[in-house]
Structure formats: C-alpha cells, structure tokens
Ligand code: AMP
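Take a look at this single chain, the form predicted alone, given in structure tokens.
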C-alpha cells in the first residue's frame, strides 16, 4: 500500500509519489509571532505533525521547514493603509518588534513541545532571509511578472495565467469582486505587494534596490521554502485560511520565478469551531494552550482530541469533549502503566497493518484511534504484545505512552477478608471517581470465592462481567491486580 492524501490543488485524494524515494520535503506555514497562538493554530500544526510522523512511520526521512514570520504583515493584506501586526504588538506591550518576536517565538515553541509536536528540521525566521526575498523579487521583475512604482514592487497577477488554481479564485472572479481601495502605485487593485517602501515611522526596514522598506507577506514563504527545500516541494501544509490569498500568491510568485511546479501536494486543515461558533476574542471563546492548562487539562489531552477528528473536517471544540478525551487518555495511560515493560513483546501484525492502513487512507486518525481501542480490548493477545503494539502506534500518535505522567493515573490498594484470610488487591484506573464502587468490589470478592472453590466456570463468568464493565483482573503472588481498560 501507499499513502493516499487529499490534495487541495487537484481537489482529490491522490497516491503520494515522492520526488526523492528516501527523503520527503515538507514546508509548513508557521506563526506570525506577535501574540500567543490559539488552539485552532495548534490544531493545524498538529495536523502537519501527524503527517510527518506518518511519513516517518512509513520509512521516509522528512526534511521539514517551518517559518517564523517575525517581520509581521499588514492587517489589511497588501494594502498600505493597514497596520503592521508586529508594530501594533510592540506599541501595545511597549517593547521593540524584535523583543516581541523572540518572546512569542519561544512561547510558540514551548506550546509545540508540550503537545509533542516534533521540532522542525529548521525554523526559518523571515528577517534572516531578506536577501533571498530581494533576489526572488529581482527575478520576477526580470521575467516581466513584477513592476516597481515609487519604491514599491508589485506582482502583476494578469501575467500569471494559472492564478486561482489552488483556491478557485480565478482572476476574472477577482476582477468582478474587487472592492479594494484604489492604489495609484498599482496597475490593478488585486496586484500583490512584493516590497513596500517604508515610511519614517516604520521600525522594521531594510535597504533594497528599490527603496528602504520591507517585504510583502507572501514573498517570505516563497523565498524561505525555495532556499531550504528546492524549487519543487513534496508537501506544503497550513490552515484552510491560508489557501487564499497566501498560498495562491506563493504559487504565483514561486512558479513565476522558477518556471517549475512549486508544490506537488497541498494539505490544509479545516477550521476549528468552539461550541459550534467561529473562535473570536469578541465572543469570549478565544482559547490558547494556557487556557486549557488553567482548566486543569494536560496539553496532550488536546492532542488526543485532535486525533479524533479528521483534518478535513471542521472540529468542534467544547470543554465536555476535552473532558471526554481526558478520560480516554487516562485509560490509555492506565493500560500502558499496568503492563510490565521490562521485556518487549512482539508487535501484533494484524493491528499494525490495520493502523497503517488507516493512516495511509488520507491520514484517517479517527480510524487509527479506533484501531488502538480495538487492539487494547482484544484479550486474546498478551498484555506485553498489546503494549508493544501500542507503543509502536505512539510513534505517530505522540501521546507519551512510554513516559506516563503519574498524575494522570490513580492506583489504590486495599484488602478484604475471605475464608479466614486477608486478600490484597490493587486497582489502577482514571481518577474520575473518588472511591471504588461497592458493586465492583463485590464482583471481585465473588470471583475470588469461586476461584478458591475451583468453580472455574463461575470465576470465568465473573471475569467476563468485569471486562464488560471495563476492568481487567489478574491474579499475582502479591494479590489481585485490577486495571481499568475501557
């Protein structure tokens, strides 16, 4: 089998054919570091991480570049009247733009670390690629795609006949729907800025052949991706809000400059909703990872929640869905923590194949998660083999199942009297209940009575009853071990 993935460019699921059989190139649009990233952004970054981990699982090397936009871009895309987001944040916090950029870059990287997102092969800062941007703009001017006016440089969209191939926003539709304010420097209102001449008040500016100024937003990613990954990439990822205008403009710039196809597979995550509504600060439903932590949830609970929704589907975030994911993750941890891992078991091939097939089927993480639970509930396999298989799955899931946080588990011990002796027991489970229920303990006592009486039929029936309730029971020299598994 091979990976099949939905390609935004062709609007269909396609077989993945790498440029190089061994190493896959992948570029992800990273954050503009003027504020904390929100959980919708983080879902998109996790989608890219699931894709990367899947490629690694399938045996590829992956060269993954993720940009850090530390120049900022205009609040009104490519319109001089807009306010630069970096400068706006600098004024708000009484810091320099550089201080703002470094602070929020580190905050972003910490969030990624908490979510077990693999670090990029290289994080590229836009401010470190100004020379590459200028050279790319010079190429576009030389080839007739761009023009300079009064120190600013614009891309003439009329010159690129494939414009709209990614988003469907064809040039004729832009002309009909153009409501942009007239800009005397532009030939057409929908032409995009490659370089903007700076005013005296602009703090972030560089010398160029045209003026002292700063780059347009879109040219940054074209320059950084080409410089690090070559003129044609295997994958480019981002959120669906990046499709237009950002990624559409990246294609026009990159292909105009190189004459080659820019990206073979475009992969976009759908929007995140909160309680069925678009997330916004004005609605009071704008959340960061810190907000999730302050509610008492481990960040990996959010990672698990994102795994349960397909990247092509809108995901509806609610606090109840996060609580449900917390309970599920605790049960995974309880299973992993209850199995002796001193010796590695054998991977269960049929489940590994099923898990891999789910991933190869357009990165179907919900089906992959369902396979995890199916395998855990399959008592025909040994605990050791099931745990070995689970840890293999976790190479993609990234839930930290080989390094369990003790705070997410609750193990209690006790004993009860039976036939003149004391029987010790321990129970490992999620801590959603404060005490062990009496009916559960009665079942354990009843089964132990049957076992001591060698009434194995009754003992097995009660073991199965405990399984139905989500508990696995094991007899050891130290006593009875009970583990929550569902």
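Note that the structure is a prediction, hence the values are computed from the model and not measured. Residue numbers count along the first chain shown, from 1.
Separately, the form predicted together with adenosine monophosphate exists; it is not shown, and the next lines address it.
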Residue 103: touches adenosine monophosphate in the predicted bound form, heavy atom cutoff 4.5 angstroms | no
Within a 4.5 Å heavy atom cut-off, is residue 239 in contact with adenosine monophosphate in the predicted bound form?
-> yes
Interface membership of residue 27, adenosine monophosphate in the predicted bound form, 4.5 Å heavy atom rule | no
Spell out, yes or no, whether the shortest heavy atom distance between residue 134 and adenosine monophosphate in the predicted bound form is within 4.5 Å.
-> no
In the predicted bound form, which of the listed residues (32, 459, 54, 428) lies with a heavy atom within 4.5 Å of adenosine monophosphate?
-> 32
Picking from 295, 94, 260, 278, the single residue whose non-hydrogen atoms come within 4.5 angstroms of adenosine monophosphate in the predicted bound form is 278
Which among 268 to 276, 155 to 163, 142 to 150, 345 to 353 is in contact with adenosine monophosphate in the predicted bound form, heavy atoms within 4.5 angstroms?
-> 268 to 276
Using a 4.5 Å cut-off on heavy atoms, what residues in 29 to 62 are near adenosine monophosphate in the predicted bound form?
-> 29, 30, 31, 32, 38, 40, 41, 44, 45
